[in-house]
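Okay, here we've got a single chain as structure tokens, the form predicted on its own, with questions on binding and movement later.
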């Protein structure tokens, strides 16, 4: 006549089998669940998520201020020694070359260093290059959220003298009238190529 296993042994076996079933479920069930899709960055990806920042005139602005118009967006900082002033100098030259069509383009400089780039600093900086360039600053969390949603990288880099510089994405990002990414203006491209890109972008937005 078979005898029953002690209660403690049966409890142990129940727990063991429960753990085995949970492990199997953990490994097998996710295969049958839909995998969340993270959009890859590329042409057609929306770069128009909501934000609230401040322009160089001290006015609160949102993404709505730049809707329905092609855009050229650059993210940098006013203490940048080379990349940023070069990019804005070229942007000013491109706006000049576009003539009246420059009014059909949002040329925007967004600081990634709001700690130092206050409204007066931004105003003096962008207007030095071209008053048609919109400068945006604000609270760091708001800028960080905006940059992340637009696939922009930036980071504070401490220096030996106790100060800091900023590492950041260096290209000018182009968006169409729908706020979708369509390409970049890269530093290595000749100005004629950049101008042709802007003319095509403006023409498509018309």
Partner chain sequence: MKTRVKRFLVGAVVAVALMSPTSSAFAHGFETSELEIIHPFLRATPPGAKTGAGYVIIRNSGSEPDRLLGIEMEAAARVEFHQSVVEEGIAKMRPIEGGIEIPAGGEYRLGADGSHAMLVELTGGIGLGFLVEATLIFEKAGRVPITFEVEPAGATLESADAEHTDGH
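Since we're looking at a predicted model, the values are computed, not measured. Positions refer to the first chain, counted from 1.
One more form of this protein should be noted, the form predicted in complex with its partner chain, which is absent from this view; the next part is about it.
Shown alone, this chain has one stretch from 107-115, 93-101, 132-140, 76-84 that lies within 4.5 Å of its partner chain in the model of the complex by heavy atoms: 76-84.
For the residues 60, 68, 165, 149, the 4.5 Å heavy atom test against its partner chain in the model of the complex is passed only by 165. Using a 4.5 angstroms limit between non-hydrogen atoms, residue 170 touches its partner chain in the model of the complex. At the 4.5 Å threshold, heavy atoms of residue 157 reach its partner chain in the model of the complex. Using a 4.5 Å cut-off on any heavy atom, the residues of 122-150 that reach its partner chain in the model of the complex are, in sequence order, 124, 125, 128, 129.
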